[in-house]
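Just one chain follows, in the form predicted alone, and it is written as structure tokens.
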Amino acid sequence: MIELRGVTVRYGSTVAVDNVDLELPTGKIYGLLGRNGSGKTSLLSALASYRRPTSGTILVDGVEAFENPQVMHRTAFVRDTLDVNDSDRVSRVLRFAGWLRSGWDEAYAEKLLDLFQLPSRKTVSSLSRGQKSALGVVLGLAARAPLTILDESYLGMDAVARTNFYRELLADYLAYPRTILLSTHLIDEAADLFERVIILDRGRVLMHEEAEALRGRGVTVTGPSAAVDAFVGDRLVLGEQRLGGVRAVTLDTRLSPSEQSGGEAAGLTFGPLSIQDLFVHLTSSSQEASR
């Protein structure tokens, strides 16, 4: 179990993470979502023991994580900016990772190099932006650390490379279960990987739920304005659009079969809400409410 108790991270007068409480059962893939400046990287840095929280405590299996060699040795944190020496060759970076990580799989790392077409003799500084991202992915996956944190690690990778990354992450996770936290802005692309979703907004946890529950949580309702108004009633509306006499609303609710059939009889149509759409509506509503 990973526990965050009242974790706050400040930079001077700026509060990046604001009194966060979380319990994260191990052995799952977590999607960490948030808009720019929401505190995702600051939270992950604290979780990976890269930064001491200004206040609060992070526990891994009941022991404090910060400056705990046993916890840090079992944690792999890959950021969009690689924490490696730019003058080193890729092969040397991988050898160092093998020395550092007890679970390092050299054969798997070589397989990933081939998959992402990474030349092992090149120096890190000579790699393209996409190749550097791919190197980060290799370091994160081949380490097979019990706690693997990937913070926007796909940046710079093209669509094919990202697809290969998602496939490899899921396949290796199923073969070697561990806890993976994936921070991403490409929510629709990665959503099928998530078992749980954490949404941060202005340093606070806006939501932490099972991904499957979120996939069935929201619904869009479209039809004649009067019929939509009657159907909506006092339900929570996340967003709406109007065009002439037609109204489309996004609801934060789950409909029963009888509710949906009754709405269809009144001329309404219903559509599912993706995790990305729900994220957009929830964070937009939160921003508007704070004004």
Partner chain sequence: MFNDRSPIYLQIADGIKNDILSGALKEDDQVMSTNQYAAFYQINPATAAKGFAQLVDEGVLYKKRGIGMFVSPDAREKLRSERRQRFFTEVVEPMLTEARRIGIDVDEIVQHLGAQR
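Residue numbers count along the first chain shown, from 1. None of the values given here were measured: they were computed from a predicted structure.
As for the form predicted in complex with its partner chain, it is not shown, yet the points below apply to it.
Checking 87-95, 145-153, 191-199, 102-110 against its partner chain in the predicted complex, the stretch whose residues place heavy atoms within 4.5 Å of it is 191-199. A single residue from the set L182, M157, V219, L135 has any heavy atom within 4.5 angstroms of its partner chain in the predicted complex; that residue is V219. Contact with its partner chain in the predicted complex, judged by any heavy atom within 4.5 Å, is made by just one of R178, K122, R215, R204: R215. At the 4.5 Å threshold, heavy atoms of N68 stay clear of its partner chain in the predicted complex, well away from it. Residue contact with its partner chain in the predicted complex: D83 places no heavy atom within 4.5 Å of it.
Shown alone here, L170 lies within 4.5 Å of its partner chain in the predicted complex, counting heavy atoms only.
Interface residue remark: D61 is not counted as part of the site for its partner chain in the predicted complex, having no heavy atom within 4.5 Å. Along 241-275, a non-hydrogen atom within 4.5 Å of its partner chain in the predicted complex is carried by R254, L255, Q260, E264, F270, G271, P272, in order along the sequence.
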